[in-house]
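Only one chain is included here, represented as structure tokens and corresponding to the form predicted on its own.
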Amino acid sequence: MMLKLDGVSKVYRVGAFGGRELKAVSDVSFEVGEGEVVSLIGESGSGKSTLGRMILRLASISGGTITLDGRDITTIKDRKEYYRQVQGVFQDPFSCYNPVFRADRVFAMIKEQYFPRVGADEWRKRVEGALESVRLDPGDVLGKYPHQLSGGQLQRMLIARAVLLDIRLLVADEIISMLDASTRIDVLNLLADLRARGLGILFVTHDLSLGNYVSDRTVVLRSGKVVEMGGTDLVFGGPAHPYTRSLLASVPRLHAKWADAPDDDAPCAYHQAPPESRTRPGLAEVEDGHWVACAGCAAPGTEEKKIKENA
């Protein structure tokens, strides 16, 4: 297993003089393997981007561990070594470029930091090859300023940067939410090509249809906690948690009119599962490779206990 999160939590100090704690992420565990796309799905504020930032070492970890090939990433002192293997691409491509420099300066920085001994001609060939691999014409983008390029072109240039580094893991945080529909499918197909080459991808999104399209496994977050995870076909084909079912019910359908989401009176899958299936903290395995958390119901026997106490 390439990347593994084990009981990861993130706590922020908030309020006057940091007197209160805000738990943004709580006890999250999952893995991303080589050549695998894992979708991290949830509404805004669910902790998706916080997890991505911790994986990229842009935010500290309050609890638990994140390991790369079994090595705790916080013990990797040389960040250059880590970023040689792990990179991120974010929602707003324009914010990743300095407007006073040409957009291809991102490649010059890569050469300075990682390939200082590569000659100018050889480097130019590598850059052109990386751009062509993400379906960009070098003549159309090299030498231009960020405002002269579209969001899709800038986004693909950032992915080309990752191709140049030959990284092993890409954290793709809402990378297509600002792109138009025609460009979105190009970027998604590009990610599929990179995955075929062995790149592991954590695809952070609030869009279930995109997660279903691109991922092998899905992790559903709610309020910083995992409520369901498993193979994408299992999670989407037989959602076991009410939150997942409500998210799926809210996805617009091409041949259906707008309607209210149906009431969900299904029994709690977590408490329906046998106790021996609860081998992960707060999760029960309802079928092979398909995990779900409690739906927020009272545990069996709780109501009876309350009645006796109030008698």
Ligand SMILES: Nc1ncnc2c1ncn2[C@@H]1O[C@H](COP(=O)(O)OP(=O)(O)OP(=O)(O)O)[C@@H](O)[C@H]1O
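The first residue of the sequence shown is number 1, and the count goes up from there. Because the structure is a prediction, the values reported are computed rather than measured.
Missing here is the form predicted in complex with the ligand; even so, the following discussion is about that form.
Original post:
Do all of D140, L142 and L165 end up near the ligand in the predicted complex, with near meaning a heavy atom within 4.5 Å?
Top reply: So, no: the whole triplet misses the ligand.
Original post:
Can you pick the one in S44, T279, S250, S60 that has a heavy atom within 4.5 Å of the ligand in the predicted complex?
Top reply: Partner contact (heavy atom, 4.5 Å) among the options: S44.
Original post:
Taking the partner as it appears in the predicted complex, which of 49-57, 280-288, 27-35, 240-248 has residues with heavy atoms within 4.5 Å of the ligand?
Top reply: One stretch meets the cut-off, namely 49-57.
Original post:
D104: heavy atom within 4.5 Å of the ligand in the predicted complex?
Top reply: Answer no; every heavy atom of D104 is more than 4.5 Å from the ligand in the predicted complex.
Original post:
Can any non-hydrogen atom of V14 be found within 4.5 angstroms of the ligand in the predicted complex?
Top reply: It does: once the ligand is placed as it appears in the predicted complex, V14 has a heavy atom within 4.5 Å of it.
**OP:** Flag L22 as yes or no: does it have a non-hydrogen atom within 4.5 angstroms of any non-hydrogen atom of the ligand in the predicted complex?
**Re:** It does: once the ligand is placed as it appears in the predicted complex, L22 has a heavy atom within 4.5 Å of it.
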